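Two forms, one chain: they're shown below as structure tokens, one block per form, named structure 1 and structure 2.
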Structure 1
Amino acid sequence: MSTPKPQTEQSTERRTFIKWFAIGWAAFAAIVGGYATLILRYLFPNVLFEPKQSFRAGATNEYALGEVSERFKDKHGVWIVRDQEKIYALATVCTHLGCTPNWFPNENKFKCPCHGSGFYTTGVNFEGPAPRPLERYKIALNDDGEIIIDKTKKFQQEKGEWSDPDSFLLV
């Protein structure tokens, strides 16, 4: 401070300072970012110990015409419905907030206990707050003629996916 340094030397000093300053902050940001990524990624495990997602549902003739079968509701969360021409598997998960609706055979509808959403047997919503129809699962026959329902593949009506041949079984 006492002896003023020559102009050039001072500006080099400032330049080095700014350089180290920038490197310091960049390193700090990188470390913070790295830790944040680490923590975020840590929250998503690679393996999930959740039940198997596909199951066998018996032969087609076990389902009567116009029936909503609750056979696999408790175990797998699926209703199997047979109408005039096809069989399809409806997810028992309300599209509003994930409660399990109840099937009321007398009123011929699914009704969700949480917020009162109602669905037809097709799964299409007609009352209450549910924003869209129930989802359908992939349904197919295996070589033995048994119905296989695969819950990893979903079909949503509002995206026009119910016309996909995997989403129903012609009978």
Structure 2
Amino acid sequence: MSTPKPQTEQSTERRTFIKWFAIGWAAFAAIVGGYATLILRYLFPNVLFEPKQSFRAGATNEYALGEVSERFKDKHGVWIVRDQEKIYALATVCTHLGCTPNWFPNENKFKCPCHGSGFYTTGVNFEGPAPRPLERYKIALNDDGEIIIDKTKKFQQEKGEWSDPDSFLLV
């Protein structure tokens, strides 16, 4: 017959068993919790909040004749140009690789810092690797006489869309 173990040895083994049992369940719960977190993260993906695609750009008399306004370049990615006959909104995205050209008033041109594409104030490309002119955005007047730019509608010169009345304002 086996001899019973002393009371201290039995309680030590029992305590050790209970301790490892609790550690095992805690590890199991942590792993299950981690997987549950991953599943919940999959069910609720990131939401991208973008700025509004249309904005108010002020009155027509705020834009000087023959000038390029850079007021909305950083916030909305738009230049507003006023020439003798009309006002139009140009996209600040180079048609080569998407860099943002700079406006050089002394040279009267837009120049892309990435690969040297040059654009006239009309947006037409004349130097560098840009394959086509800059795009124009829809421009209109609201009931209060304020200019509204709508970036959801683009006009491309090579498709003949610059003659569309929505691509410019007559002044």
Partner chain sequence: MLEKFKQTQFYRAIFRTGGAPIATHKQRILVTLNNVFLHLHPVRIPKHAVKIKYTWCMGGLSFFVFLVLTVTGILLMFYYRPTIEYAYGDVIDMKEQVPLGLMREIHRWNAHLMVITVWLHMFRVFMTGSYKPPREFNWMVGVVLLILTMLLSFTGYLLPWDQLAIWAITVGSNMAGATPMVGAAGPGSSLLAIGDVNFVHSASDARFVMLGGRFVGEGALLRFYVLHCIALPFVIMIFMIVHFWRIRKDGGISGPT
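This is a predicted model, so every value here is computed, not measured. Each residue is numbered by where it sits in the sequence of structure 1, with counting from 1. Rigid core here is just the name for the largest C-alpha set that superposes within 1.5 Å across the two forms.
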Looking at both forms of the chain, which one is the form predicted in complex with its partner chain?
1
Hinge check: of 131, 32, 47, 98, which sits where one rigid part gives way to the other between structure 1 and structure 2?
47
Rigid-body comparison between structure 1 and structure 2: how many degrees does the smaller part rotate once the larger part is superposed on C-alpha atoms?
158
So, with the core fitted, how far does residue 18 move at its Cα between structure 1 and structure 2, in angstrom?
58.2
